[in-house]
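To begin, one chain is listed below as structure tokens, in the form predicted alone.
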Amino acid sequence: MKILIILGHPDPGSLNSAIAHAIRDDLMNDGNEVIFHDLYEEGFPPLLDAGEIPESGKIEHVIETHCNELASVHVIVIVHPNWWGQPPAILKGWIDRVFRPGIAYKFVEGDKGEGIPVGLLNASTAVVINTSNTPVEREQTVFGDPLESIWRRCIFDLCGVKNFHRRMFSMVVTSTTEQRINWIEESKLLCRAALQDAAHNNSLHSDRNSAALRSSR
């Protein structure tokens, strides 16, 4: 299985970093092909230039590499903190520049952008893991958990990734070492389950293609 892991946190000693690296190591130990990006450590350039907005727009080599990776994987894993109900700015810039038309989605012929796009991503499954210092009840009742809508509905569902898994770990600021260890282990188990989903979906897709090929003969 080919997996893309994106970490968006500036502190290499953070819980986010520990979670992302633990997931990477666990999945690699199981023989999966893992592409790992720590956006802050790599200095990912998040600013979208006007010239690259169209599908035919010219993009930098680093963006082209990220686009090719995004388009090729079976599972996408995102790890980041909840900052003001949003991803960190560098991760938002990654979305803006990498989830491009022609890569992540397209509009049907004749659609000028007013319709609902068609998702293009090869990945069948996505996992998003967040950390927060807001109590769960307050996050749900006061803020409505905006990250759930952003990732599930506004990004992955629109781009054709229908199997979505997510965890929000809170409250990090008052958590114990034992809690953090448990959260890391829970994250690994969540990603293993997501890979099982992806494998099942890939098998169904392969069966449908085989059936369609037989019926066309």
Ligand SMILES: Cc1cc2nc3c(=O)[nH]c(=O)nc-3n(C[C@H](O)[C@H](O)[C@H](O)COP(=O)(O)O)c2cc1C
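Quick caveat: nothing in here was measured; it's all calculated off a predicted structure. Just count from 1 along the sequence shown to find any residue number.
Unshown form predicted together with the named molecule; subsequent notes refer to it.
Asks: Choose from 78-86, 105-113, 92-100, 118-126 the stretch whose residues reach within 4.5 Å of the named molecule in the predicted complex, heavy atoms counted.
Replies: In short, 78-86.
Asks: Hey, in the predicted complex, is A20 touching the named molecule, heavy atoms inside 4.5 Å?
Replies: No - in the predicted complex, heavy atoms of A20 and the named molecule never come within 4.5 Å of each other.
Asks: Is S72 one of the residues lying within 4.5 Å of the named molecule in the predicted complex, judged by heavy atom distances?
Replies: No, S72 sits far enough from the named molecule in the predicted complex that none of its heavy atoms falls within 4.5 Å.
Asks: Is L190 close enough to touch the named molecule in the predicted complex, meaning at least one heavy atom pair within 4.5 Å?
Replies: L190 lies outside the contact set for the named molecule.
Asks: Looking at the partner-bound form in the predicted complex, is V172 within 4.5 Å of the named molecule by any heavy atom?
Replies: Close contact exists here: in the predicted complex, V172 approaches the named molecule to within 4.5 Å, heavy atoms only.
Asks: Of 1-34, which residues get within 4.5 Å of the named molecule in the predicted complex if you count heavy atoms?
Replies: Contacts from 1-34: H9, S14, L15, N16.
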